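Here's a solo chain for you in structure tokens, the form predicted on its own.
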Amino acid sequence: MATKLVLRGIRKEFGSTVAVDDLTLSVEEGEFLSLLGPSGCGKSTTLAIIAGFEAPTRGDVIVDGRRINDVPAQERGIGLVFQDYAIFTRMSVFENLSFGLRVRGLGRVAIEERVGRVASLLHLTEALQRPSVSLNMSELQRVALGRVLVLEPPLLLLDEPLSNLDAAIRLTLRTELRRLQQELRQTVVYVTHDQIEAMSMSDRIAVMDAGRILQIGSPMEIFDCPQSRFVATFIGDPPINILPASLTTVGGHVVVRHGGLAVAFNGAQAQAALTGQVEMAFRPTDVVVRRDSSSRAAFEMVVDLVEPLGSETVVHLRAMDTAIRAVVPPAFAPRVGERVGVSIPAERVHLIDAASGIVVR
């Protein structure tokens, strides 16, 4: 049975430092939600408050309608995996994985079945009889993760659990963890600074900075409709293009311009941005690049650098003081020094208020 989690007005102070500031969040039953942000943004502190290792300065932690602020961590029934592994080094891998199940009094057959399943998921089957002291860092982290997964807790907190793993295993576990979570209908709060992990695994993402949630939504909502400069720049690889821009009115249209690169909106679309300095922002995947730059809508730029990435190619383009990135198909095969025509569809351009950093369109 999955658990619903509600955080209401959470604030956490360490002396004069505010680590979490008025954080309110609801995680639905069976939802996989990621707290995404840079180091020091308050996401791990938030997780520690949910787990009961830190007490909020004010605010409420509510699980299935029950306020649990005063419930000790060991009585909350929450599964927790930290980035730093915590296992019994004098036990074998099997003994570590089965420890919690033995404490609960499960029978031998049930224990072996659960341990075997989790060991297979974490690529630990061949290591089950090995002493934990002989494991490398990647194996230790997987054992620590397995000790919690084998208990199948209804609410699971994961604090960057894949960061110590090899790239290939990390990629596999992203998929398998998500599959297991959906199968068990667990409610998961996942802390990460890795946008790829958050985008690929989450039902929703809460982007944090300076102790606050700046935006919460599905991965594609966060990617396509960022609400601030911070969110726009933190999500996306290659990074979003952001250029200082000027606004002029031409007929019934507002033209947003950076140097020779211009995008025309109708007046209503850009009205909110007319009162201050703006920036224009657009994803590299939304840049249209053509070899024929004669079109009136195209801005001529020169290919400065080419990064072939297999399924796509990132092209760095330059013209005078304007530099942007574009993503093109590998078959386009641009050459350094080649002149191309560039345009950006108006519906894919965000306008950012330069003073506040808020997206106004």
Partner chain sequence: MSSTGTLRVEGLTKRFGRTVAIADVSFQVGDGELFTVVGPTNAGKTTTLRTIAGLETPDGGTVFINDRPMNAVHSSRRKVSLMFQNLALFPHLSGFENIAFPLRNARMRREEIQRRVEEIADLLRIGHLLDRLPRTYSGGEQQRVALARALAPTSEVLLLDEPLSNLDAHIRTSLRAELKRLHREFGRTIVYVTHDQVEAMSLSDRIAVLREGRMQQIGTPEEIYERPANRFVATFIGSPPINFVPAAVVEDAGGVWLTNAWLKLRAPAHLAPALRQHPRDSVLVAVRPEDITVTPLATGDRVGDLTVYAVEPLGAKTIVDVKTPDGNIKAIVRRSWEGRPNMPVTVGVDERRIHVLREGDEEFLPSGPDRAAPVQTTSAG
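Residue numbers count along the first chain shown, from 1. Please read all numbers here as calculations on a predicted model, not as lab measurements.
Same protein, other form: the form predicted in complex with its partner chain, not shown, and the subject of what follows.
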- Item | Residue stretch of 208-216, 111-119, 165-173, 253-261 approaching its partner chain in the model of the complex, non-hydrogen atom distance within 4.5 Å | 165-173
- Selected contact from Asp60, Asp64, Glu312, Glu28, since only one has a non-hydrogen atom within 4.5 angstroms of its partner chain in the model of the complex: Glu312
- Heavy atom distance at most 4.5 Å to its partner chain in the model of the complex, all of Thr233, Thr285 and Asp304: yes
- Query: Should Glu126 be classed as touching its partner chain in the model of the complex when contacts are defined as heavy atoms within 4.5 Å?
  - Reply: no
- So in the model of the complex, does any heavy atom of Ser138 sit within 4.5 Å of its partner chain? no
- Message: Using a 4.5 angstroms cut-off on non-hydrogen atoms, would Phe265 count as touching its partner chain in the model of the complex?
- Response: no
- Any chance Val289 has a heavy atom within 4.5 Å of its partner chain in the model of the complex? yes
- Query: Which way does the C-alpha gap of Met137 and Leu180 go in the model of the complex, closer or farther, given it changes by 3 angstroms or more?
  - Reply: closer
